[in-house]
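Next up: a single chain in structure tokens, the form predicted on its own.
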Amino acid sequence: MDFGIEDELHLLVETAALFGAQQLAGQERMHEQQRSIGNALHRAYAEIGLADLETPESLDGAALGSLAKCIVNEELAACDVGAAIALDRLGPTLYPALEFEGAAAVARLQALCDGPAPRRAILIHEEIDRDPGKPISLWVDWVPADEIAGVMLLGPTRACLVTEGIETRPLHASGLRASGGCSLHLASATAAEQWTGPDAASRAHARARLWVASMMLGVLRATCEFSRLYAGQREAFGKPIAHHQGLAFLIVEMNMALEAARLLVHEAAWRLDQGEDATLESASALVECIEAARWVGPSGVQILGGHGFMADYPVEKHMRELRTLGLMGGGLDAALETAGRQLETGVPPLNITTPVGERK
């Protein structure tokens, strides 16, 4: 088996990692305090081409697909996941526009978010389809943004975009503070655009879940790396604490959870790029990332002991942000329900004897 990425994606990994190291790393606490990342960082992000990875070529985008986006998300989130979310103005709202209509809908969404001030579009996963033409009333306790240009509502077979009648109230969230945070209220709002199609909705849900899961991978990786390095330097009873069996096993198991989650995310993204149905795989990947986050985050704090709860070290931030990310993409329960429903319909088992690069 070959679980590695293709050669042409390695340059993309290096570009994203370099941008994260130069522009995001070391600024995390400042971004949290400011609740924003500034327009200069947005411009730098766009100039190197990372802002349009999945945008169609007809709109001067790279159209590289889900796997490329997941890889970039992980690299940026490993440095500062709140900033990574803030940089992506369309975020997962891109996927309903792209899957239902294509480049024309994406262009209108881009125009909606363009402007001197950073405005973002927000995606809300819904368990039911809303009746077209009826006023939309909705209350969401928290979304990761301050200035919202539009709200995309994605149901099982339909999606609609709301651009007016959006009321917000700033919140001091537990995690992802760099992206902002507010409660969202739609009071008898009218949909500016709406689409219908079960296949398009399924793919949009799948791609949105992978967007969240890939962000979680970056934070999981940062937690594993920092706690491992700390354990290799901190000494107790005459040797580094990483050399004590209990912590050594814990560090290994944390990294195993990270690698298992990454394989699921990349597998699902590859399937989407091949035009295959990845409803089960994407839901399973998000479930795996959320379950890993609920264990890896607190374990990273535990390895640091009392230091783990101090703002001098990043693991307390990682734990908060992993918990917060677990609320996005429809959350754990919706992903479990989707995966269970797919299994009940008799999805054929994956042929694990065929290398990823040769599967059709």
Partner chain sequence: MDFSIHPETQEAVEAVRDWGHEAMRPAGLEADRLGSPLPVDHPYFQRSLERGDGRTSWCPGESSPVRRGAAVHAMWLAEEGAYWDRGVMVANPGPGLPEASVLARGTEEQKEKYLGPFVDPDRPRWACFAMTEPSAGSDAAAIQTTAQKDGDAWVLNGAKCFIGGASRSDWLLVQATLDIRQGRNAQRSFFVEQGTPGLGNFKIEKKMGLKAYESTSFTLQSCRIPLENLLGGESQPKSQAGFKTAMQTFNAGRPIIGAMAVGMGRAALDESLHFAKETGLIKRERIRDRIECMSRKLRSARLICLRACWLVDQKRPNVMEASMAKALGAQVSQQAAGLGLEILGQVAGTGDHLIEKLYRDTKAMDIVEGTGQIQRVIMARQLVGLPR
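Numbering follows the first chain given and starts at 1. These numbers were taken from a predicted model, which means no experiment stands behind them.
Omitted here: the form predicted together with the partner chain. The next part is about that form.
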Fill in the blank from the handout: Heavy atom within 4.5 Å of the partner chain in the predicted bound form, from candidates Ala107, Ala192, Cys113, Val140, belongs to Val140
Handout entry: Of Ala103, Leu171, Ile166, Ile136, the one that lies within 4.5 Å of the partner chain in the predicted bound form (heavy atoms)
Key = Leu171
Handout entry: Heavy atom contact within 4.5 Å of the partner chain in the predicted bound form, the stretch among 80-88, 140-148, 210-218, 262-270
Key = 140-148
Practice task
For the three residues Ala25, His42 and Asp52, verify that every one has a non-hydrogen atom within 4.5 Å of the partner chain in the predicted bound form; reply yes or no.
Solution key: no
Handout entry: Non-hydrogen atom contact Leu153 with the partner chain in the predicted bound form at 4.5 angstroms
Key = no
Exercise for the section: Determine whether any heavy atom of Ile48 comes within 4.5 Å of a heavy atom of the partner chain in the predicted bound form, and answer yes or no. Expected result: no
Exercise for the section: Check whether Leu336 has any heavy atom within 4.5 Å of a heavy atom of the partner chain in the predicted bound form, and answer yes or no. Expected result: yes
Exercise for the section: Please check if Ser36 has a heavy atom lying within 4.5 Å of any heavy atom of the partner chain in the predicted bound form. Expected result: no
Handout entry: Heavy atom within 4.5 Å of the partner chain in the predicted bound form - qualifying residues of 298-325
Key = Pro298, Val301, Gln302, Gly305, Gly306, His307, Phe309, Met310, Ala311, Asp312, Glu316, Met319, Arg320, Arg323, Thr324
